[in-house]
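One chain comes next, on its own, written out as structure tokens in the form predicted on its own.
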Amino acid sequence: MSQLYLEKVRDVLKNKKSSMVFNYTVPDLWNCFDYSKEKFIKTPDHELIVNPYDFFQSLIDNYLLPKKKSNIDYLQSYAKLTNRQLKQRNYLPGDWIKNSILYSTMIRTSAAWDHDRSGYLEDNNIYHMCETGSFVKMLALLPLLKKMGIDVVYMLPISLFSLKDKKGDLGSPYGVKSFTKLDPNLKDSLTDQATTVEEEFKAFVEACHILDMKVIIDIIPRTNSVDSDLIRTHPEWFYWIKASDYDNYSTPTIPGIPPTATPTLDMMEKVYAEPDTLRHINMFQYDPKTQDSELWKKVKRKKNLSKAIMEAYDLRVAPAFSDYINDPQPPWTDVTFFRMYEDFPKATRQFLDTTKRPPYILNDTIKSNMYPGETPNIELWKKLADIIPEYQRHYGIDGARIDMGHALPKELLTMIMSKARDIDSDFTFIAEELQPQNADKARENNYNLIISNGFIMEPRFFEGKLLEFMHQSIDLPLPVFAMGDTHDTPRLAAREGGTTTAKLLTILNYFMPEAVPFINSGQEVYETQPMNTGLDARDNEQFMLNQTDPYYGKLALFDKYQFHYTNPHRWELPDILDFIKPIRQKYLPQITNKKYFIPLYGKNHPNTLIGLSYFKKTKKKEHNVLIVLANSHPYEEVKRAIPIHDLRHQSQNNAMVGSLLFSTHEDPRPFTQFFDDNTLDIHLGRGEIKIIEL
């Protein structure tokens, strides 16, 4: 077999290494692979001064490559790599994810660090090195993730994105300019021009697969940047308005309809009847090629295509906006929608004469799952359906989250999934579905997992939402993410209860029944500043940091940002998760199967008390019961008698002694706290979680 790309990256680092003395630092949290103490100097700020070439070479040589097996191509999906053949009942291809623990990362932020300690992230520091994250630097986080039990790395978009009308310092990775070109900023300056960004991503995937970790990407097939590379070849796939009218572009306001209303047919009748809607629709124009095909042949050859189109046609791509009616959000100036159909929605043509009318963006035309046309834009659909296969063929990825997949035409969604599973029959799909009541539909569409609404439910423990979320998600037809923090939401450590809440919920999520634990990058070090304020945000969400912090007011989704990896409590959660992961692994078949789950309730059960239990039938009855009890109240302790009669009966375990395997407040010890044969005597401190085995 030919050389691994990981070995090529290693060789480049080795060849570039010199005896030069560097003042280059990395967080000590990045050293979970026992980098030789003789090779670094530890600073009082919890950083290590290292030779960067030697540091990353040692990581590859001493941690990653020793775990590889000979003559194996690690650039194929993990399912193919392991020849996995799962024949479980009700198993849908890709259901392996229900046994996983997932880590969400935006590479440019997760692996960012102020290496020269100048006080801010630089594109070109004193060593002519970029300080935002790269695939090579992300390798240093893999030992930390492995320590925490992570076995799936989910990456926010890694494609080339646009800087036109960008948000923040850097722009949004969701403003995709090209689906299959990688973001060149994820190329590491350490390797100079000796390797490409594509080779470095391949090395990263190889490293993950060597560590028995799967790789999932994020794709955005519904939108593209307003200067998408596809405009040059297919301007008719986009919506256009006059450039001279651009400043007047706004969504219609519809009186009598509440904010963020769903565009049902009766609502759309009111939308079309409103004069402001006609004002909006009349702004749209035919695409430049349709207007003048001969002129287009000249214009499309221009390097700055957007400028050339404005000068020749007075046209601009129309920005996208929310598909909810009367959504207060302004238009999304960096992205636009694809024209999924060549004609207008069949159901709403009755409300408007579409004869000789240019295509337009409205709540129905962009909600094509609800309002399909009759003539699919089939060439576009083929292009969108080939995004994932491109990454499978070149990088051997294991799964994908489809951004706003529920808003795509069902036929297109089927095409996307089928083409991916033709290549890898065990490819997994995550649905961006936040409403648990839509889980049945997601399963019908062959998804393996939904995001759901844990980020809303879990932090609202005083209202009983955490209790409801933990106990009721088991009735859904597919797993949900066990999480309280995403790249679009407030941080757990910034919620009520602060780090106490963040610690308890992160641990508790490892034991939520029939759910997939999800850790958002930075959560493990109690990050308080959100990456974005898109969901459930409060007015002050963007300003959680001290005003003296260089990242005060910054949002990682758009700005240069580094996580606070030198937090004094930075090792607390990783060490705890390292300790509890074998407990989860031992009871994983029970945690992921609701028939082994029994909820526990105390007398006068408060909303903040969570009781989970699992049993397994064994020939030896000892140690076949796991009990997880949590007091999510961050300010008050709780004492309760917890009946376990049903648990005793189901497990046939009558032991009056067990083990306290873990507690956030005390060391492991024998457990003997019983009121009687069928009742536990439980005392939980503020924000305490206890894990007990009988």
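Quick caveat, the model's predicted, so the values are computed rather than measured. Don't overthink the numbering: it's just position in the shown sequence, from 1.
The form predicted together with a further copy of the same chain exists for this protein as well; it is not shown, and the discussion that follows is about that form.
Participant: Given that a further copy of the same chain is left out here, which of 42, 669, 639, 67 has a heavy atom within 4.5 Å of it in the predicted complex?
Facilitator: Selected option: 42.
Participant: May I ask you to choose, among 167, 421, 117, 394, the residue with a heavy atom within 4.5 Å of a further copy of the same chain in the predicted complex?
Facilitator: When a further copy of the same chain is considered in the predicted complex, the option within 4.5 Å is 117.
Participant: Quick one: find which of 100 to 108, 434 to 442, 300 to 308, 118 to 126 has residues within 4.5 Å of a further copy of the same chain in the predicted complex by heavy atom distance.
Facilitator: Heavy-atom contact with the partner occurs in 118 to 126.
Participant: Examine residue 661 and determine whether its closest non-hydrogen atom to a further copy of the same chain in the predicted complex is within 4.5 angstroms.
Facilitator: Flag for residue 661 set to no.
Participant: Within a 4.5 Å heavy atom cut-off, is residue 15 in contact with a further copy of the same chain in the predicted complex?
Facilitator: The answer is no: residue 15 has no heavy atom within 4.5 Å of a further copy of the same chain.
Participant: Quick one: which residues from 4 to 38 get a non-hydrogen atom within 4.5 Å of a further copy of the same chain in the predicted complex?
Facilitator: Sequence-ordered list: 20, 21, 22, 23.
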